[in-house]
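In structure tokens, the next block holds one chain alone, the form predicted on its own.
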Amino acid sequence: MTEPRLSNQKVDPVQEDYLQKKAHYQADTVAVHYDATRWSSPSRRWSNQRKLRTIAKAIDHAARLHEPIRTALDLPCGTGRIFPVLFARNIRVTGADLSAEMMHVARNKFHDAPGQKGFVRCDAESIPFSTDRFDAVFSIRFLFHLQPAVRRRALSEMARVSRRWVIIDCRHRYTMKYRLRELQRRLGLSSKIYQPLSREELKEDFRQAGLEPVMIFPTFPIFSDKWVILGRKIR
């Protein structure tokens, strides 16, 4: 049962939005129909392919730096959106998510994939793996939903269990999309939660997590507000 909210109790809209999303993705009906719903339109499928190609660039860049990724944690893995990119590069993948329902879909899709090494239900702020367990941790379409303090704690945990790399995506401010959304917000035309980062904020998040950004890969230069970032653990 949800506790009653006091009339003078302040509500963080970012946290409330995140809690709603957590509950949303733990519904069986949402998980079962997620792929068909999420990628239903040609534009969404094109956007997804563009993101996957960008993630592949980050992986390949790590290999060119002579520190290839052979084992990985994908958190949150959802229904296994990025698994095919990792399997194609012979990366052994462990999936992790708070939603057992989403992981059940992923398990059914990839149960016979040689690179699939199991699933673990966990929260990103407390990852149940030892330090330096994986070559890399991937976190796609997740961190930009969190409050800054929670985002940094999750990123620190990802850095802890990674031996070398953390690959994430984020929304950034250096695009026309950000300017248009800011204008809509100021005119009272939109109340949608939107948390793009500056380069300085991104660097500070990484610094606090014990990481350094090695390379930023735009998913679609100029037009998209998404970056995929290859981060390296500072030893």
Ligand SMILES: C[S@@+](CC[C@H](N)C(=O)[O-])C[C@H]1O[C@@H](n2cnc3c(N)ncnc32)[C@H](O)[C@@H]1O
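For every residue, the number given is its place in the sequence shown, counted from 1. Not measured: the values here are computed from a predicted model.
The form predicted together with this ligand is left out here; the points below concern that form.
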| query | Among 159, 206 and 231, does every residue place a heavy atom within 4.5 Å of this ligand in the predicted complex? | reply | no
| note | Within 4.5 Å of this ligand in the predicted complex by heavy atoms, the stretch out of 85 to 93, 123 to 131, 110 to 118, 159 to 167 is 123 to 131
| Proximity of residue 174 to this ligand in the predicted complex, heavy atoms at 4.5 Å | no
| Though only this chain appears here, would residue 75 touch this ligand in the predicted complex if you measure heavy atom gaps against 4.5 Å? | yes
| message | With a cut-off of 4.5 Å between heavy atoms, is residue 25 one of the residues that contacts this ligand in the predicted complex? | response | yes
| query | Is residue 155 one of the residues lying within 4.5 Å of this ligand in the predicted complex, judged by heavy atom distances? | reply | no
| For the stretch 74 to 113, which residues lie within 4.5 Å of this ligand in the predicted complex by non-hydrogen atom distance? | 75, 76, 77, 78, 81, 97, 98, 99, 102
